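First, one chain by itself in structure tokens, the form predicted alone.
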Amino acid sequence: MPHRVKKNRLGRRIWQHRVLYLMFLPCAVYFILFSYIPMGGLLLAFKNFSFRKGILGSDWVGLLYFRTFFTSYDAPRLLRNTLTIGFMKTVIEFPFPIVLALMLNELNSRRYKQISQTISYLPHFMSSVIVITIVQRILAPNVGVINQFKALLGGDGGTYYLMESRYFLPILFLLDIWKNIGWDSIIYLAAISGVDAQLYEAAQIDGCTRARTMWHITLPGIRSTVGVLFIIGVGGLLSSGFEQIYLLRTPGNMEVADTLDTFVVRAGMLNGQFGYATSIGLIQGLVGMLLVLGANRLSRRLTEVSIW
């Protein structure tokens, strides 16, 4: 009887909020089709895959692929590059959208604020192929804008920046910031708009400057949003992204540009080592999950901000 009562109550709540559940339905279908069902393919990490036998019929190999990866010559380099780029994107780039959101929030002119937001959002909607092509033209030796400017000042205009490993990380950093900072700042602007306006009025009466108001009211008001997004972002520490890095790679910068994401595609799609590539992807997923769990627990203990 209690079970039936709970079931009826659940049914009534679903019917009461049916519009919200209907809006949520496409999201649920998307994750079921593209996130949960494909998890069945993780069996490849433990099998010697054969097209003739299929995934279920292929022979088991146990942890062979995992041992092969961690004892391979490429493992230290791939892990170092992935962690370096992951740390750059997860930690170093993290404050930039917050700063942009704070700056946009301080603008008095509504029209100028809208124009600034639109300009900062636009790069996010540009294809990575187009963006990298533009970057390649700008950095091209002799004919690129940067090299032409250097030559105009009497310097060497024949530098091929993408062929030198020391330039790869700065280029990737600036490119990633330019492409994503505007889009990532949207959620912080939404959080700022939810801060109680009476707090700003009280601060103004007390004579607080705009900088002190930002530091003592705005930032504490969005602390929970910042904490949750950082916890989620930590899960991508071992996933440096694929498109930009793959398109920016050249024989000259391969030493620092070859990551786990590019290696997985190369091993799986180009070399046909599906089990080996799946095992590396599984390692990335498990490490990401453990990082999120650990960061969430640590954040809850130290700052009382957590996802659950």
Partner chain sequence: MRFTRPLSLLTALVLALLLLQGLALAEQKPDTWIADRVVYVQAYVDDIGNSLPDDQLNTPVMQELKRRTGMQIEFLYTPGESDTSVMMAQMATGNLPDMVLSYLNNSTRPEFFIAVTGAREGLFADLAPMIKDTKVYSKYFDRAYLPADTYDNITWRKEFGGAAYFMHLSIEAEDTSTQWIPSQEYIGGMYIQSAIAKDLGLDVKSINSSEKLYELLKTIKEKDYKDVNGNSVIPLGPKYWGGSADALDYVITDLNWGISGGYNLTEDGKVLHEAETDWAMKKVEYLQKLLREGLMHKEFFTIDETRAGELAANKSVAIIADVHNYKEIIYQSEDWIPLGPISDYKGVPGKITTGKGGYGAWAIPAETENPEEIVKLMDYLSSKEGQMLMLYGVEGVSYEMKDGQPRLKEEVVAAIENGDSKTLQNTYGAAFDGSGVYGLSFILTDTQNTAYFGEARPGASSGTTFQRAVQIATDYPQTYRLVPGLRASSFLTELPEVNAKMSLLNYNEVLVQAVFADSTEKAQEIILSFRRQLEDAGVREFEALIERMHSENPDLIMFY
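Numbering follows the first chain given and starts at 1. Since this is a predicted model, take the numbers as computed values, not measurements.
What comes next is about the form predicted together with its partner chain, which is not displayed.
- Checking 51, 36, 30, 60 for any heavy atom within 4.5 Å of its partner chain in the predicted bound form turns up a single hit: 51.
- Of the listed positions (163, 131, 151, 83), a single one reaches within 4.5 angstroms of its partner chain by any non-hydrogen atom in the predicted bound form, namely 163.
- Three-residue candidate spot 141, 251 and 271; every residue lies within 4.5 angstroms of its partner chain in the predicted bound form by at least one non-hydrogen atom.
- A residue is said to contact a partner when one of its heavy atoms sits within 4.5 Å of a partner heavy atom; residue 77 meets this definition for its partner chain in the predicted bound form.
- By the criterion of a heavy atom within 4.5 Å, residue 116 is excluded from the residues contacting its partner chain in the predicted bound form.
- Its partner chain in the predicted bound form comes within 4.5 Å of no heavy atom belonging to residue 46.
- Looking at residue 204, you'd find every heavy atom of it more than 4.5 angstroms from its partner chain in the predicted bound form.
- The candidate stretches are 141-149, 234-242, 221-229, 179-187, and the one lying within 4.5 Å of its partner chain in the predicted bound form by heavy atoms is 141-149.
- Applying a 4.5 Å heavy atom cutoff to its partner chain in the predicted bound form picks out 68, 71, 72, 73, 74, 77 from 67-101, in order along the sequence.
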